[in-house]
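Encoded as structure tokens, the following chain is the form predicted on its own, with no partner shown.
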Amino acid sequence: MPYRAYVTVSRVKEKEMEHKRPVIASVSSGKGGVGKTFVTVNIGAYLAHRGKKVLIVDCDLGLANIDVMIGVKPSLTLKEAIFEDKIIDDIAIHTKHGFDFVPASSGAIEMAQLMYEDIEKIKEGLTRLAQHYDTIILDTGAGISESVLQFNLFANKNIILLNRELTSLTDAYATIKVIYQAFGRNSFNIIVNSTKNEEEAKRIFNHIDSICKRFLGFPLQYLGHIVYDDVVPRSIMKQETLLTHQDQSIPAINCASIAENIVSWQ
């Protein structure tokens, strides 16, 4: 094959690989209790409803709870992938909500104290799986532990969740600052959860955005908001997503809007 033709074919193949490369989004927060798991599950359900191949990974390794939220009882988790050499491909399960799911364990102290090599093993397994999906969502733990930072580095899109609480905002900023200083990341997408309305959400976003511009030197991206409504805790109690519980509610419409914004990344 002539060199010029070879280069052309190679570039075509590279473009095809880029097109197939999935969005890998980490969902993190500075503090716990702001709704990361709820948001992850519901965005994943809406992306799957849009025809996307979605994988959700519970990366809160020691205190996993996605399985409880969606009503599944996995026989294998990431614990077996680390300590029993199970293949992550075999751990992933399909759910009634349309997305596939890699569960972790809860209450396993050894999973909360993983070595760097163990986290790399998980990332390598997810890299193998990535070719089969359009979107992979990593539901990380709260705070800035080593595993949280490594999963944020693994992702090509970083989502930070916060709510109206002052501690949520300050801890979210601290998380952004640490990821920026550790990895040089300066692109973060913000979701404001449990807000009264869009105006309040934009006000909260503008506040943290101005702080980042002033002290870190870069702006944030507004990905969307979710209004608080009693439909949210009811859907959690029923172990259902908003898509199947009350798809016409305001929080459901909010989640659908965020999912559409994520689709645009692809």
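Don't overthink the numbering: it's just position in the shown sequence, from 1. All figures in this text were calculated on a predicted structure; none of them were measured in a lab.
There is also a form predicted together with a small molecule; it is not shown, and the following applies to it.
Among Ala48, Leu55, Leu220, Ile226, the residue placing a heavy atom within 4.5 Å of the small molecule in the predicted bound form is Ile226.
Here is the short version: of Ile204, Cys212, Val232, Ile70, the single residue with a heavy atom within 4.5 Å of the small molecule in the predicted bound form is Val232. The closest non-hydrogen atom of Asn193 lies within 4.5 Å of the small molecule in the predicted bound form.
Taking non-hydrogen atoms only, Gly35 approaches the small molecule to within 4.5 angstroms in the predicted bound form. The small molecule in the predicted bound form is approached by Ile236, whose closest heavy atom lies within 4.5 angstroms of it. Although the partner is absent from this view, Ala142 contacts the small molecule in the predicted bound form, with a non-hydrogen atom inside 4.5 angstroms.
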